[in-house]
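In structure tokens, the next block holds one chain alone, the form predicted on its own.
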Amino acid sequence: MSAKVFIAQENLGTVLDGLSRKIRLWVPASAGEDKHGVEFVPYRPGLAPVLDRQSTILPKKVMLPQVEKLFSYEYLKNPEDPSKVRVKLEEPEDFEPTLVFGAHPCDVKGFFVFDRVFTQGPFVDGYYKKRRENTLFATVVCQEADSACFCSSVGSGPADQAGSDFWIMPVEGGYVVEALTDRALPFMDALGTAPTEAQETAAKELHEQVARQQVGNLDLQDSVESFKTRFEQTAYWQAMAGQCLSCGICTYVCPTCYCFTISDEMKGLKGERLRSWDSCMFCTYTAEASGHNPRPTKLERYRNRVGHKFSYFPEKYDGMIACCGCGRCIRSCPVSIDIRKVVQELKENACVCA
């Protein structure tokens, strides 16, 4: 086994074909001829992965499916006494080993936030935990940040290897792939051949070059107290959220957003309990059965979104910011709301309002 291999560009399809026979494989691919963007999809032979730019739809759905069956159930009546009913439950067993090939560092970084919520709190989400344990990430170094990216502003960077099992370095003619964890080693021999000295050197130089890049010129960390001092400033939040359409796209494309709802779909005596993505930006998300809604307006919902990422979450989880700086919320927002400006304003003017 080798810790580094080289995959020639012309062999990438063959390598992915081989991998897909060993492990369930997801790759970023074009969303289609009549669609824009890139999304993570299950690999199929002939599918060309898009590795040179960030995906629009991230691999969050691999770990937390947009809609997933938690269990199915069936009410079984006692034929001797129909008034007596028992419930038969069946849980899914869809947790087979999976490899996400071609993720970006920000995609993987987002799962650290999920881990704190779903695996390290008082309640462990068994569905997420099993997928997390069975999923490997082959991450490609991020070479081209755009104007919406700001990963360095939240403590990460385009060469951040945290959470990855493989590290993919584009070089002339192909890719140098390095195993970062023991979990990756069994796959290395099937990926390619040992890189030449020149290919290793090119990969090392690229990594060092990218690691020096500062993506985002703001420091958006340590905003807990700044947020609190401006919490009651209605005029400020109204100005920040005034344009918001409450469409929720910022949460759906966010690697760190995990809001969900649960519903039962039933026909006759059989049914399924489903978990689906939801959004704290929707007015019904916090609506209670009594009719009371603690966050009935856009202002309150947007303030909660910012507060969750930069104040509530770091205060609860040892300073961890619930934002990986991928910029998808900025890029996808139909009215171009920029969360960087909101947080920067919090910090710059907090002392005036304290």
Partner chain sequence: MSEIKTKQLRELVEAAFPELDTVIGWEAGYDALHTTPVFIKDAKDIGKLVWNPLCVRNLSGYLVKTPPVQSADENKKIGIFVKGCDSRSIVALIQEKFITRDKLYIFGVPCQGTIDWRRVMKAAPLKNIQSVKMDEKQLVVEDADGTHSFALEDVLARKCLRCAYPNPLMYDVLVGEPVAPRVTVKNAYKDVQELENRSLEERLAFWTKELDRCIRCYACRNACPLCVCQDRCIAETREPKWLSQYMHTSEKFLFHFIHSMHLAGRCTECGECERVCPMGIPVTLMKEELNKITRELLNYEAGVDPNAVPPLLTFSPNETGI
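If you're wondering where the values come from, they're calculated on a predicted model, not measured in any experiment. Numbering follows the first chain given and starts at 1.
One more form of this protein exists, namely the form predicted together with the partner chain; it is left out here, but the text below deals with it.
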*Can you check 81-89, 95-103, 140-148, 220-228 and let me know which stretch has heavy atoms within 4.5 Å of the partner chain in the predicted bound form?*
140-148
*Pick from Ala162, Cys283, Ala211, Ala190: which has a non-hydrogen atom within 4.5 Å of the partner chain in the predicted bound form?*
Cys283
*Which of Phe166, Tyr252, Phe118, Tyr175 has a heavy atom within 4.5 Å of the partner chain in the predicted bound form?*
Tyr252
*Would Glu272 sit within 4.5 Å of the partner chain in the predicted bound form, counting heavy atoms only?*
yes
*Do Gly242 and the partner chain come within 4.5 Å of each other in the predicted bound form, heavy atoms counted?*
yes
*Asn304: touches the partner chain in the predicted bound form, heavy atom cutoff 4.5 angstroms*: no
*Using heavy atoms and a 4.5 Å limit, would one call Leu47 a contact residue for the partner chain in the predicted bound form?*
no
_Residues within stretch 245-263 having a non-hydrogen atom within 4.5 Å of the partner chain in the predicted bound form_ = Leu245, Ser246, Cys247, Gly248, Ile249, Tyr252, Thr261, Ser263
